[in-house]
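Just one chain follows, in the form predicted alone, and it is written as structure tokens.
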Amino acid sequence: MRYASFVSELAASGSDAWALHSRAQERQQAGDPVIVLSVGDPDFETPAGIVQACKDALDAGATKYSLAGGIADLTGAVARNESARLGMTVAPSEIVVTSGAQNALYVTMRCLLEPGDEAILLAPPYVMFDGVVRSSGATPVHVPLRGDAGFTIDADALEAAITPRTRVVLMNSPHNPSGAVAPPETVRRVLEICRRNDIWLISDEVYADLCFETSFDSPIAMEGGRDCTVVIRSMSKSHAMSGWRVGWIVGPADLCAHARNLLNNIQYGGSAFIQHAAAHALLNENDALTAMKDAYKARREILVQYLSGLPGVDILRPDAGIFCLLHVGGLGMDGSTFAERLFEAQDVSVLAGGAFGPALRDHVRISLCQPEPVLIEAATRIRAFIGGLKETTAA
């Protein structure tokens, strides 16, 4: 029997990047002393107030079908939250609630792209971005970020990559996996390029609530941004709600109407009791968000302290998010080899940077989603592994 061709392309687009992570989880569940730093799943418990709000909604009978695109309580809370964050008025009609950011991105791409179109991705992109574009029948076009300058956006290279088939530019800032935050002048330049060429700008801002020293200025709030910008957001990282699957789209009302129609055909409506809990989180749990951000910042400093100055490696200090990139090319191996050998020698799993494309072939991504004592132990093991490599080479 025949299968659609794009499903094979999805398997090659990065969805196989988690093999070592799966092995690490299996060994951890078997009781082995494995430390898992290969995925960005917050180790914090979902704040108790959010859990209680979910229970209260269940007790109140919020177990029936809900409208596609979000219940009124949640779209209203998101609109209020985004209005405050962006410094502009956002109406509930400009919000579509989805099952996480990945679902929001898929729905957006399906509304904007057709077979034969092109979507520009700033490389290295998040692992699943290629697959989301290909699932719409479009072709992903990679424009490299400037890795030699902290993964900054090269606006000239972006503009040069535009063709008559370009329909979308996907910008991810704060960036996963580097944690780089694009400065306002760069974001403004990208927006101007998109406006001038009649191209949609999709701004993945999942980590915008986890900026450390500097905030991210969204293009949707800049002059002319509302007409061509779609913002993707989520509660997975900011509120430790990864398993709850709550994300949303912020964009023009016409696009949101199309998105709701699409959701009617593929999902109908999300779980109302989860959405009531999410609304509570946005309106009442800012202290928990701040505490988690402060914790991630402290964990960043631990990794930077323990892994700086080691021979053969270089750690990038992220501006935001829950990951650190470690360049390991000076050890004479790529990131995949480093990750495998580290796991075998020290029971620490990290993600090979090649999962994000060839630009990160000589990197590994290290998650900050472990308590400080565990992260210190992991960093100590990584130091020991690197030190052992140097001793072996010297011998």
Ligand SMILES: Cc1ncc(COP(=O)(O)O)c(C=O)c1O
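One rule holds for the numbers: they count along the sequence shown, beginning at 1. Because the structure is a prediction, the values reported are computed rather than measured.
Separately, the form predicted in complex with the named molecule exists; it is not shown, and the next lines address it.
How about D204: is it within 4.5 Å of the named molecule in the predicted bound form, going by heavy atoms?
-> D204 belongs to the contact set for the named molecule.
Is there any non-hydrogen atom of Y126 lying within 4.5 Å of the named molecule in the predicted bound form?
-> Y126: contacts the named molecule in the predicted bound form.
Hey, in the predicted bound form, is Q275 touching the named molecule, heavy atoms inside 4.5 Å?
-> No, Q275 stays farther than 4.5 Å from the named molecule in the predicted bound form.
Evaluate A101 for contact with the named molecule in the predicted bound form, applying a 4.5 angstroms cut-off between non-hydrogen atoms, and reply yes or no.
-> Within the cut-off, so yes.
Counting only non-hydrogen atoms, which stretch in 93 to 101, 250 to 258, 264 to 272, 187 to 195 is within 4.5 Å of the named molecule in the predicted bound form?
-> Of the options given, it is 93 to 101.
Contact residue in the predicted bound form, chosen from I220, L145, V313, L105 - any heavy atom within 4.5 Å of the named molecule = That would be L105.
Listed residue (R245, R85, K297, R167) with a non-hydrogen atom within 4.5 angstroms of the named molecule in the predicted bound form = For this set of options, the contacting one is R245.
Sequence-ordered list of residues in 170 to 186 near the named molecule in the predicted bound form, where near means a heavy atom within 4.5 Å | N172, N176 sit within 4.5 Å of the partner.
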